[in-house]
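The chain below stands alone and is given as structure tokens, in the form predicted alone.
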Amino acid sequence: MTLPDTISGLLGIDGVVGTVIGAFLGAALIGTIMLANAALAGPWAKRKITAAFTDRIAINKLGPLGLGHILPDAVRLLSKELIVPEGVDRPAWDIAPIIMVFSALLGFAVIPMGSGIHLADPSVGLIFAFAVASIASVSLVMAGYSSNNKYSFLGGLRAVAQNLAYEIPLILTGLSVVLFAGSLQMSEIVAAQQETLALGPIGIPAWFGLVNPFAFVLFLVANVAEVGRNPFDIPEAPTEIVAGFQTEYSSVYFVLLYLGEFVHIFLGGALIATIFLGGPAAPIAALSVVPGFIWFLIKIWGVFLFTQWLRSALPRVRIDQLIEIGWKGMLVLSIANLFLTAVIVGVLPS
């Protein structure tokens, strides 16, 4: 049973009206949870993690562990004057930040986050998630060309080049998981990972990240490039093109772009958790007493921690290196992985 069905049942509302109300409330609940996680990650966790990696203290004055800084930072950013540069192409300039956030939030509609915490479960759920996540590239292009700024325009062009170079390997690697699961439906992909594999005397979960670690690494790297994190943060590259596509944005528009980046990181983490790490499943049966939703959050925060580690540990690659890695490396490896997976699935007993 999906979350909208559960909500409409609790409210005692049947029919189309119950479905609509349940879907609206369920979407609002999931959206609020993901936005809250992104708000925690951006103003607080990012700074604390980076400080830990670089042997600094970071924010610590307000509240326990500096958590009290989140609200003042939000008020400070939202209360700043919204400066609209001359010559911007409106309404494209206004719409771009909104698309950035909602394209990421829409992807969570098909992600199973735990028992009954699933907004929708279409038969093409994985394709839907890939499709709506890629809409973010449109917002980057819109922000770049509409800002009437050469640095913003360069950032938009880089976003297009990066998306083309890494979107294809990302999807091809995801399709290798589909070959194992035999379905594009997210719930079926999670269900296919519920068995236990015997590794000698040790039993390990049949997560696709363990069954095919090569595909897992490929998807992880392509996802980092897709969400524009170091060493692939070429579209904004602060030391090269000021701030790239977001150079001319301030106040609430900057907050939307900044928040959208972190929601996309969590969407990428949600996809990795779902198709490679068993979704909301616990790593061992003994830990199943912990609710699946908690395990799901732990996994996506683990992916976020990984992106922040890369940010502190690796230098940014040049644009030509990024394109070469994507087309000459990732694409070739993802095609080879898909081919080998098809061969393995074809010879395995059904």
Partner chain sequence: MSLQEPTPDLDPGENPDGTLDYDELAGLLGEHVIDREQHENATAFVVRPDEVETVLATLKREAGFDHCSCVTAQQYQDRYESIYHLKKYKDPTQELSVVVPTPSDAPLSQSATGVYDTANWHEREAYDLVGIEYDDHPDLRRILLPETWQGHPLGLDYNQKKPQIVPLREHANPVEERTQVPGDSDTMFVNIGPHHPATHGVLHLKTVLDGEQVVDVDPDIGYLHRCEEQMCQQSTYRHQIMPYPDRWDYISAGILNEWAYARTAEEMADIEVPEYAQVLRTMSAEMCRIAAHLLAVGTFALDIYGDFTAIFMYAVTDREKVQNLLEDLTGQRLMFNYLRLGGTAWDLPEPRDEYFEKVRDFCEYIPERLEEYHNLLSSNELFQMRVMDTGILPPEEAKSYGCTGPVARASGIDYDLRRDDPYGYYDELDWNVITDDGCDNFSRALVRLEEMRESARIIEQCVDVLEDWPEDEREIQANVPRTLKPEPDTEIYRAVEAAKGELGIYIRSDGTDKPARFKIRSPAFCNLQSLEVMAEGEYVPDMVAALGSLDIVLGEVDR
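Source: prediction; values computed, not measured. Positions refer to the first chain, counted from 1.
Beyond what is shown, the protein has a form predicted together with its partner chain; the following relates to that form.
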property: Full three-residue contact with its partner chain in the model of the complex, heavy atom 4.5 Å, for R90, A96 and S134; result: no
property: Answer option from T247, N230, Q185, N163, heavy atom within 4.5 Å of its partner chain in the model of the complex; result: N230
property: Listed residue (L29, L67, V317, A58) with a non-hydrogen atom within 4.5 angstroms of its partner chain in the model of the complex; result: V317
property: 4.5 Å heavy atom contact, S312 to its partner chain in the model of the complex; result: yes
property: Non-hydrogen atom contact V190 with its partner chain in the model of the complex at 4.5 angstroms; result: no
property: Contact test in the model of the complex: P238 vs its partner chain, heavy atoms, 4.5 Å; result: yes
property: A109, heavy atom within 4.5 angstroms of its partner chain in the model of the complex; result: no
property: Interface segment, criterion being heavy atoms within 4.5 Å of its partner chain in the model of the complex, picked from 143 to 151, 120 to 128, 255 to 263, 216 to 224; result: 143 to 151
